[in-house]
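As a starting point, one isolated chain is supplied in structure tokens, in the form predicted alone.
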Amino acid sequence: MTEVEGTDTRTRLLEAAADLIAATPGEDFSLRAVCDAAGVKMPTLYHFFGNKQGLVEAVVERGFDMYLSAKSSTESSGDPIQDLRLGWDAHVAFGLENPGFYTLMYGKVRPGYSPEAQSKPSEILRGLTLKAEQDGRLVVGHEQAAAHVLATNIGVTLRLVIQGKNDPELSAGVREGVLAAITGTGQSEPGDGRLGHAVIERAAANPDILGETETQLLIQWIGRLGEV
């Protein structure tokens, strides 16, 4: 078997396992079924992965590689909160497009255990919330903000995977709710310090209204006024 053939066979096994998992979320799957779907014999699967756990871990790792590849192709808006918003939508889209991988990446829970491959996306998320905190955009610590976003993002995505269809209204509603909670923009009133936050977040979420340059200037001005 050449190196290219080996890579193709390994990929077929990973994709076959992911498809079987997607077809029956939360249920077990057989290695025999994976081999049949990939068109290989059992010894070939053991050659690449050693055992069932090795296959599962490889599927998780490939899933995160695919996820990070998709995220890297998305350009930053230049605004951390808007990037959180874009990241949320990209997360949901990945889960719906790759339910088999996603179910293993985030749906298989073992108390006290977090896949090593999960650390990179979490690091990217914390980087965004840290930037937002440094810009004075959060009313909670950046670690707590990242935890709120991740927990709700995963919950919504798993819900949609189970439903087998997208629900943009549900996703956007929960997304804006958690962003309002971490930025303190909910139920703002005149004279309330949260009003400035609300204006900032509305402008950041709709940069096309004023234009990107003007939006960034507005955010800076309101931020400075809040320091007075």
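Rigid core (definition): largest C-alpha set, two forms, superposition within 1.5 Å. Note that the coordinates shown come from a computational prediction; the quantities given were computed from them, not determined experimentally. Heads up: residue numbers just count along the shown sequence, starting at 1.
Below, we turn to the form predicted in complex with the DNA, even though it does not appear here.
Using a 4.5 angstroms limit between non-hydrogen atoms, Y67 is distant from the DNA in the predicted complex. Among heavy atoms of K41, some come within 4.5 Å of the DNA in the predicted complex. Contact annotation for R159: none of its heavy atoms lies within 4.5 Å of the DNA in the predicted complex. Using a 4.5 Å cutoff between non-hydrogen atoms, S30 counts as a contact of the DNA in the predicted complex. Partner contacts here mean any heavy atom within 4.5 Å of the DNA in the predicted complex, and among 33 to 41, 164 to 172, 177 to 185, 56 to 64 they occur only in 33 to 41.
With contact defined as any non-hydrogen atom lying within 4.5 angstroms of the DNA in the predicted complex, the contacting residues in 40 to 72 are V40, K41, M42, P43, T44, Y46, H47, F48, G50, N51, K52, given in sequence order. Core-superposed comparison between the shown form and the other one: the C-alpha position of H47 differs by no less than 2 Å.
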